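Starting off, we have a lone chain in the form predicted alone, written out as structure tokens.
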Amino acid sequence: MSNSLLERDRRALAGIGKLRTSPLTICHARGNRLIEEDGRAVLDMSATAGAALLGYGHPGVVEATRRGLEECAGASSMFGASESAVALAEDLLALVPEADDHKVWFGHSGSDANDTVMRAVTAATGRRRFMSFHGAYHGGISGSMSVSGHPSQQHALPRAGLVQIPFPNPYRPLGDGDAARQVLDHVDFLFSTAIPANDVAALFIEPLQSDGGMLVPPPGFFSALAERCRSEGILVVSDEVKVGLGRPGCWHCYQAEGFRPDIVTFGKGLGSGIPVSAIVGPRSVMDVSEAFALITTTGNSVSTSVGRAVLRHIRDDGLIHNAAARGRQLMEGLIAMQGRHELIGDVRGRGLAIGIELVTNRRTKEPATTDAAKVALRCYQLGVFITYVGMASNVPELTPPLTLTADEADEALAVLDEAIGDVAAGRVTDDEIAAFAGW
């Protein structure tokens, strides 16, 4: 019996292997590189789906973890006021300029943050319905999964009364004309017919729909939609778990889209690999009940100390500027690459959140699902790790750490160029990707 890491993984871990895009092993990591079992270093252009915001082994994260452990690792903000938890809450309130009367709740993941929002908003408003988008991914536990709309979650039933609307995709509009107008008209129609607006508690938004295909909405769409919601007393929840905290080239992705949310949820990158999530919301929602969400270890000193360090390094190390600059570098390189590769139908994104939609035919826009899997595998073989997303799993995704350097961006572009060329030339077989179903 083989005792390799991959074989041990297959024997011991449930329900994970098929999601993967390559036979990557991770025994060590430093900076923006994953070190495999055989010692090979792979450039990580995924950052663990955006979670490793500062890369791996960042001195600030290591020091904050040590400090949190020494402070009181097992304690919880549930049972007493904690300096690190209160200070991180204050930091987050200062980062959300709309938060005049807001408070903060802490959890361990974006999934539990969005789940908690659902319960708190239902209790605070007395309304029964929620709205979200087709293709949305708001979490992987029962509540947050029930307001999502991603194909990977078809095994889970949506929440009763959930209203799902199309995301305005300029590359694949619902019909001829303005993609944003089509969706806004659809919402107006729903409110005037089948869906009483005064029964909708909240609209969940990903300002940039990542797992649905790294979709960037048309300018002004979200501000117009938020105004419609506000006029009906519907709370707007901006899910910044994957696309916020400096990644879009500004602090929050909703800022890039020009709308003001009522509630903001954070996760993934807030801990740069350490589990922590947060909700920033109005007191009328956050104080509705003392026990609408109790998780014993939330607000622990390790998670909150690291969260403070992450925010500090984003600010002090110029990482928002770096995300914008490296994002432009990658986008320019990919758009140039589009002229050389017929497989690339569209390139889109904000900052260091970029999608490359692959199609078999640019005229028909038929999704190149198999080719996306092959590109991801070939990139890994050439030393760069990426994943892919999208309703048809045909969008290679770049969400690297905010610490990505210009040289690393050029390295990733060169590998992508070679990988796409190799796939187009038939150098990656169907048998090679058979073990990797992907996202």
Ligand SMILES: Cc1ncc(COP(=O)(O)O)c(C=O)c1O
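Computed from a predicted model, the values in this text were never measured in an experiment. Note that residue numbering begins at 1 and tracks the sequence as displayed.
Note that the form predicted in complex with the named molecule isn't included here; everything after this is about it.
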Exactly one of Leu88, Val241, Leu358, Ala278 comes within 4.5 Å of the named molecule in the model of the complex through a heavy atom, and that residue is Val241
Sole residue of Phe106, Tyr254, Phe130, Tyr137 within 4.5 Å of the named molecule in the model of the complex, by heavy atom: Tyr137
Candidate stretches 202-210, 222-230, 294-302, 328-336, one within 4.5 Å of the named molecule in the model of the complex by heavy atom: 202-210
In the model of the complex, Gly110 touching the named molecule (heavy atom, 4.5 Å): yes
Although the partner isn't part of this model, could you tell me whether Ser272 comes within 4.5 Å of the named molecule in the model of the complex, counting any heavy atom of the residue? no
